[in-house]
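Below you'll find only one chain, the form predicted on its own, shown as structure tokens.
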């Protein structure tokens, strides 16, 4: 039988869930494609401001029910930011110490949020070292390494139970094109794409899943070759998505299509999305929008009607010093102006011009 502390911890997490309304589904009109309706699932409205709130909640419940977390356990995670912010929130809720192992140069706003929730930040110079360093720290402190990259796809019940896929399809039920032609997501751990892809298949739907991949990420290469040993140098530069190695939670078999998106296009898309909906979102949202817009143009070109759903993963306020900062873009040699023009024209005309 679980201890009183474990039972109360699960109850605390469930109470927190009951206090949170579902996230919004925002209709985005594309002027040049009135027959294609785009929707943004706005995950920035979670208590910790991102899609990773769902993952952190699932991981904590999974670990508590497996007996891996007990009273006083130090929680350690390898994270570039948003997962760590959300896990720090739940660790504080349960009175547990939390350490985030992350690449040096992670968004200062995310670091501040982790520390706001009582977490500590432990930096590595090589992004590829986050896994081994997190495991080492957890062992040294007698704690638990959450390992989101391994457990993301199994910690969430993909058949339903309030996961993001069920939420999307419930909210779409009354729309003109209730069954989306495409759902478009990025992959960091691979947990979200696995959940949505499995849910679609379980419910025998006609919706297809497209995963977008930024530069210096290996998921697209793995999807094409099924070579799990493929690696890349450094990080993707789009926080939250893209990985330099194939993560255990990424399931290529549930993916119908993948699209590579240049980083400069992702950062440009952030500005275009803001012009369409009046809200700032992060880089991964820009990547998602690029993929969704390309698919919308393809549908319009074939004369198809339908809907596309993609994710707004977190708010843009976390990136005012980076992706929204022209000096940062110039210092990192990103010229977004041609992509802003290209994406704006695609919205207005329904014609896609490759980058």
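Positions refer to the first chain, counted from 1. For clarity, every value in this text was computed on a predicted model and none was experimentally measured.
There is another form of this protein, the form predicted together with a small molecule, and it is not shown here; the text below is about that form.
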| property | result |
| --- | --- |
| Per-stretch contact check against the small molecule in the model of the complex, the hit in 221-229, 181-189, 129-137, 112-120 (non-hydrogen atom, 4.5 angstroms) | 181-189 |
| Contact test in the model of the complex: residue 86 vs the small molecule, heavy atoms, 4.5 Å | no |
| Interface membership of residue 155, the small molecule in the model of the complex, 4.5 Å heavy atom rule | no |
| is_contact(residue 214, the small molecule) in the model of the complex, heavy atom dist at most 4.5 Å | no |
| Contact of residue 239 with the small molecule in the model of the complex (heavy atom, 4.5 Å) | yes |
